[in-house]
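Below sits a lone chain in structure tokens, taken as the form predicted on its own.
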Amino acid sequence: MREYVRHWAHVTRPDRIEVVSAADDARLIRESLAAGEILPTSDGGYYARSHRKDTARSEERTVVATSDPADKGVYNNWRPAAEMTATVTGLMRGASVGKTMYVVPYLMAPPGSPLARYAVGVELTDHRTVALHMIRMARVGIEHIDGLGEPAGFVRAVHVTGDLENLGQGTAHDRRHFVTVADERTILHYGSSYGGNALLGKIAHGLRQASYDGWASGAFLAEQFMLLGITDRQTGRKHHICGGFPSASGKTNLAMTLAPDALGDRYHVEFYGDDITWLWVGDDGRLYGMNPEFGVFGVAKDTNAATNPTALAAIGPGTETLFTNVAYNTKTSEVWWEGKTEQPPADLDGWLDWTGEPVAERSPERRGDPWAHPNSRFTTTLSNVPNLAADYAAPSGVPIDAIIFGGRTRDREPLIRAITDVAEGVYDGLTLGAEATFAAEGVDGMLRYDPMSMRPFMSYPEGRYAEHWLRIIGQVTEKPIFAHVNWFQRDPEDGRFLWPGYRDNLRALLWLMRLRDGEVRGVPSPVGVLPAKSELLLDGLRIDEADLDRLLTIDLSAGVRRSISARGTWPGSKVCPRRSGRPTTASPLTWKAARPDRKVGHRRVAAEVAARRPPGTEGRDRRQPSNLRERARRAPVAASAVRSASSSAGILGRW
């Protein structure tokens, strides 16, 4: 670690170096307040404002780099490691002059976890507020480095803010680079101090690097999944459910949900995590999961007592929450964001919007502009979540009973459809998507595909990603049940939501667990098992019978038409059809079926994953497996995964 710090200090040239632990939080808060970097809030929290050009992740500037061109996928924006390391090092050279380098040793797992060896990292940052966020989002302390069995076995994560005013954000001269050099376990981020661009333990390590590590080792999956637990107080039985949801599809609200009032005496919901889940096969053959994070980095917009009372309590008085880019009142120290209350504060005195402009001084044409940035955030530790599971930090993780996927779609999906075949469940996640909601972009209602909700975080090729999923799940002796959920069906005439959502979403998950345990049978369909109306626990639910009937049915003919006309080939219609010489409107269920022998990039079907490669295709993989990644690539899929995949030839075979 000293060698690593010495090297990057020589490159970035900070005036001072300081090693940080969680015990330094109070001192760093005092220093940040004195420097004007943060401001106090009225409920004991803190407020920070990012640069106006630095408000969100930037997918187009985010790169996965390795030394092997075979690691290039559709979504990982692959570049050569040597090229990117040289480029970013050049940008970082001398960029921290006059600043302090904060050395932040961290652990993205509960201590003692079987995956702890992949979870240790050291972030170097020249931004004090980033260190404060890291203390809330990861387990921070030098003890996590001192306990390493292999002294060099930590992720090296370097963050340099840069001159935010002059980086050309969003132009052809954009100098920002957010690079994960995955095969070297090094993260180099230059040109931001915001969110996932700067908190390198979170997305860059917790998802991109961890996903690559899991594949290279063959040991685990790292997914953008929420994780919750449901306890039936009547039977004492507890189930754990994890799942992926694209943006704006209700993942955080579901992770933090509570039971509906009418069911609250019987069912208790516990929170484990809202954003990342690592999955692995335990010694007993079951699938286990854990949230590697130590905090919640949530979107403030529309968080209120109705949509997410759990989150509101987690950021309440005494939680020392860090708010970013919300509105702030300089006289009362209050914070506000769109959706916190039905209307903004009537008295404008003292209120500043997220850019620092007084709301009262806005021109007439700007009075309707948002006070808070749409991506405004709160950062709080897990311990502040009122229904945090007692075993959230158990090193062994928790057994996973179900894996669900859900995207915002107005009419394509029922409330819930259970999938009892493993390969079909994996396929459902690989073809996950959500409808775009931006009419101004001309794509309102069109699907944006987001495999497993990992599209922005893919670190290796999509075909190998699918293969790795089948390998891990294939090793599980007690398979989780899969399901696809949709809280967002709308009435085709008036556009209203058919399902009340929020806490009532638990009703669908309770049915899924009863189906898994054999307590209900459901209604079979070509795309999964649907609930019979009588099987849902509807106590206290106010819903029109006709709406419920629509929620529990599928228009199969319309679904087939949409699939053929709009789906394109996973993972992107711009790639596979062009390589095969077919038009980009082709469906995977048409052109792939017509040419089942056609190889398209790395998208091998499940049966091909297990079979020997045909003559003429083995050249590249005849290299000696000199590292863990190559051995993982050449490892056979578990027999159970092959059997499961083979039973789904009707779907995966065509894919």
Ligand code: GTP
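Treat the numbers as computed from the prediction; the structure is a model and nothing was measured. Numbers follow the displayed sequence, beginning with 1. Just so we're on the same page, rigid core means the largest C-alpha set that superposes within 1.5 Å between forms.
Below: the form predicted in complex with the ligand, not depicted.
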Query raised in the report: Would Glu320, Trp336 and Thr379 all count as contacting the ligand in the model of the complex, using a 4.5 Å heavy atom cut-off?
Result: no
Report task. Mark Ser247 yes when one of its heavy atoms lies within 4.5 Å of a heavy atom of the ligand in the model of the complex, and no otherwise. Result -> yes
Report task. Using the partner position in the model of the complex, report whether Asp275 sits within 4.5 Å of the ligand, counting heavy atoms only. Result -> yes
Requested in this report: Report yes if any heavy atom of Leu258 sits within 4.5 Å of a heavy atom of the ligand in the model of the complex; otherwise report no.
Outcome: no
Requested in this report: Report yes if any heavy atom of Tyr502 sits within 4.5 Å of a heavy atom of the ligand in the model of the complex; otherwise report no.
Outcome: yes
Report task. Could you tell me which one of Phe154, Phe488, Tyr212, Tyr465 places a heavy atom within 4.5 Å of the ligand in the model of the complex? Result -> Phe488
Report summary line: Heavy atom within 4.5 Å of the ligand in the model of the complex, from candidates Leu552, Val299, Ala313, Ala262, belongs to Val299
Report summary line: Given 527 to 535, 239 to 247, 106 to 114, 172 to 180, the stretch touching the ligand in the model of the complex at heavy atoms within 4.5 Å is 239 to 247
Query raised in the report: From first to last in sequence, which residues of 403 to 418 have any non-hydrogen atom within 4.5 angstroms of the ligand in the model of the complex?
Result: Arg408
Query raised in the report: After superposition on the rigid core, does the Cα atom of Ile315 shift by at least 2 Å between the shown form and the other one?
Result: no
Query raised in the report: 2 Å or more on the CA of Arg490 between the shown form and the other one, with the rigid core superposed, yes or no?
Result: yes
